Each structure stands twice: as C-alpha cells, then as structure tokens.
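This document opens with one chain alone, in structure tokens, the form predicted alone.
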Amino acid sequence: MKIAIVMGTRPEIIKLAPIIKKLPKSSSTVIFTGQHYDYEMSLQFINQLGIQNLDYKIKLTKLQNTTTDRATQIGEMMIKLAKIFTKINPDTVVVQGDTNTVLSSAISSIKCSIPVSHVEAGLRSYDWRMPEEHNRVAVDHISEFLFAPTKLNKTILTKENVHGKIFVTGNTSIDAVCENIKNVEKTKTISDDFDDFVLLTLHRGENVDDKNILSGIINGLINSNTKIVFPLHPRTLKKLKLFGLFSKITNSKNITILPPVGYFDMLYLMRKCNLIVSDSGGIQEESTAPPIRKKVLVLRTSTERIEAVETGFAEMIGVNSSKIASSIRKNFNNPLKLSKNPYGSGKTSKKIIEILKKKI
C-alpha cells in the first residue's frame, strides 16, 4: 500500500500527524503545499509534532488573500501536485478537512486516476459565505473513501448520496491532543504568569475581513472586563492595524496579546484557561478531548461542529458586541460537567489506517 498524504495548513498538520507517524516511511509520501507560508503557522508545527523528512515541499506564489488570488492559488497547487502524483503514483491520496490544499489535492488526484481518501468528511455549516464549505462539499463528492468523525456526519453524506464508501471513525484531533498533552510541560515556551483567564483565538475571514464585525467583536471582548489572553494570528494582526483597531486592544486593561503560538503552547493555554472564545473549528473539537474539557464560546453564526454544541462543549454566541460580553461573564466561572466526548476516544488514526489496508 502506497499512500500520499498532503497537508498545507496548521490544522492539517496537527490532524494528519497521528496518521503519518503510524505509517511505515517506506510506504508513505508526505507532501507540504506551503499554503501557510509563515514558520509559526506551518513548519513550527511539523517540527514540534515529530514529522520527519517531508518528501516534497511546494513553493507557492505569495497570496494577497483576494478572491482572485485564492482561485489562482488553487490552480497553482493543482498543477504542481499533479506532477508529483504522476511521478510517485500512490494507491490513494489522503487529505484532511476543508482547505484550498484539500480541494486542490482532491481534484489533481482524481484527474490522475488516483482514489481520494478524505479525513474529516461530512462536516457541514450550510453557510455558503465560507470558502471552507465550498471545499468540503466538493471534496466529499469526489472521494472514494470518506472518514466521517461522527454518525451525524455519516447521515449527512448518505443523504447527499456521495459516491464513495463512508466510515465512522472519530476525529484525529482527539488523537493529537491525547498523544501530545503529556509533552506540554517540557516543551511549552509560555510563562506561567497566566491564571484565571479566557483564551481567545480569532482568524476567520468572515470575522476579521469586515471592519464592522471585527470592531464589534473587539468591543465585546473589552467590555467583558475579563482577563483575556490572545495569541494573534498574522491575518488578524494585519486587519486590526488596517482598520485602526490594534491600539484599542493594546490600550485595553484586560487583553494580553501574544505572538502566534506553537501547538504545545496552545495545548498548555487550553488546559490552563477557564474558558475559550474562538471562531476556530478545530478548537471546538480539541476542547472536548479528555485532557482539556473546556467550554468554547463560538464567535460565529453557524458551525459544522454541531456535536460540540449539542453536548454542551460549545455555545454559539455570534458576533454581537453585547452578547459576547455577557456570554463571557456568564460562563467564566461555570465549569463543564460533561462525560462523553462526541469525537472519539483517541484511536481514530489507527482505525483509518486499518480501513485503508483492507480496502486498497
């Protein structure tokens, strides 16, 4: 069995690492598209997670994040990936999630007559404003093997009458947390000065690219009068400065800005905080892992992680300033009392490999 695994962003690196590390190097090829150019957002995570010797590293034209640039990026990746796939001729190409890397890899793979294996299949937000929704829907319908994290995801795929075979496996994000949390204390670089705080992450285009929405979010965070630790995504930093909002944060009394943090530092912050406020999909999953178990207030009006909401691990609070402030105050000292993780027990990567061995 020859497997090619393609990744290009932080979430893909984290969620594919448990699979990569369990595969014999002789039968797997790891390809990095470079969709996240910054070291802090990509290669740092590859190094920290122990992924050795990337077989291919693609150099992409710098993206300016306009609609045209995003489309061009997908085309550039497709051309370069097709050349690699033709050369190595794997039995399947494994992709994870809903990024431009995933869509590019899947299209190139199927056009090279190579079956696509989609890890984290069947997620739906039904929010067509999100580029990720376009990607995940398209990839699910051209994949041969679909690894659905939950029964709900399988139901969605079945109703859509997808072509490929569906398997309920759990989510590899839980594998990653369970495998790496034990190394947090010796690998973290963050000081121990933070106590009784809210962990904030904010990066999605529908939030940070709109001045009015971003301004409302920042106002809500400041008005919560709660200590907030904010690892700042490069895209968000750029928009805060562009919209004249950066000084508003730096002059606030309750928000502490950190540079982009590595995976182990993020796990440390998630474990230590009282509450998480985020627009990230991956954090909605990671927060449910047994070593973390923290509630997430989701800065979105839709989510593809419905199971986290249904089990009480996540709460949709939208982007209204007043709602953000009141929700933070309400939940800050209200610990979770939940038992079941909706995304599996941390053995998803092993299940996926076993299925591929039987089916390929």
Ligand code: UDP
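Nothing here was measured: the structure is a model prediction, and the numbers come from that model. Just count from 1 along the sequence shown to find any residue number.
Only in words, not in the display: the form predicted in complex with uridine-5'-diphosphate, which the text now covers.
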Pick from 80-88, 258-266, 242-250, 155-163: which stretch has non-hydrogen atoms within 4.5 Å of uridine-5'-diphosphate in the predicted bound form? 258-266
Ser280: touches uridine-5'-diphosphate in the predicted bound form, heavy atom cutoff 4.5 angstroms: yes
Indicate whether Pro11 is a 4.5 Å heavy atom neighbour of uridine-5'-diphosphate in the predicted bound form. yes
Within 4.5 Å, heavy atoms only: does Asp140 come near uridine-5'-diphosphate in the predicted bound form? no
Contact between Gly216 and uridine-5'-diphosphate in the predicted bound form at 4.5 Å, heavy atoms? no
Kindly indicate whether His203, Met270 and Glu286 are, all three, within 4.5 angstroms of uridine-5'-diphosphate in the predicted bound form, using heavy atoms. yes
May I ask you to choose, among Gly170, Gly220, Pro231, Pro115, the residue with a heavy atom within 4.5 Å of uridine-5'-diphosphate in the predicted bound form? Pro231
Would you give me the residues of 136-156 that have any heavy atom within 4.5 Å of uridine-5'-diphosphate in the predicted bound form, in order from first to last? none
